[in-house]
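The chain below stands alone, shown as structure tokens; this is the form predicted alone.
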């Protein structure tokens, strides 16, 4: 019994001696590194090209579905990031803009954007009526000056108090919203000279 009591006391002293009350100057032991410390890219740097003959992995069907591989590696910087390889915003939407594409943009816009920006892009959506910072209308000179790639990035990443929607919207839908946004700008800045001659008689 006496021996057990001595062992217990020594154990208590050992434990208390380890609680020094100040920080150790030695680096902590990282039991499972899990690639936490590695030579990585700089923040917000465009990813480097994937080495040749490398098969990217991300989805359960990635080895057999080439389209899913494309969405994993995101090698097309214009389509996925709105920038060219030099890092500049692209000026044009990299997809065919037709009626179907615009209609898809209108649908997505009305779901995700109109609550703040209004269905007409004026910034008078129901959310901002006296309760939130009112966004400028889309035909404001600052917004008009944005290249298409920068507008795509704003839809993706957000800006100031506006959140990004890259988790909710796939890339093609984000570009479709940019196309519809341009259509809203046109509808609010067009003059009579922009209307075809055979349609002017229909205007009131």
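Residue numbers count along the first chain shown, from 1. All figures in this text were calculated on a predicted structure; none of them were measured in a lab.
Although not depicted, the form predicted together with heme C is the subject of the following passage.
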Answer yes or no: in the predicted bound form, does heme C come within 4.5 Å of a heavy atom in every one of 90, 170 and 179?
-> no
Residue 161 near heme C in the predicted bound form, any heavy atom under 4.5 Å?
-> yes
Does heme C come within 4.5 Å of any heavy atom of residue 113 in the predicted bound form?
-> yes
Even though heme C is not shown here, does residue 26 get within 4.5 Å of it in the predicted bound form, heavy atoms only?
-> no
is_contact(residue 133, heme C) in the predicted bound form, heavy atom dist at most 4.5 Å | yes
Using a 4.5 Å cut-off on heavy atoms, what residues in 140 to 157 are near heme C in the predicted bound form?
-> 142, 143, 146, 151, 154, 155
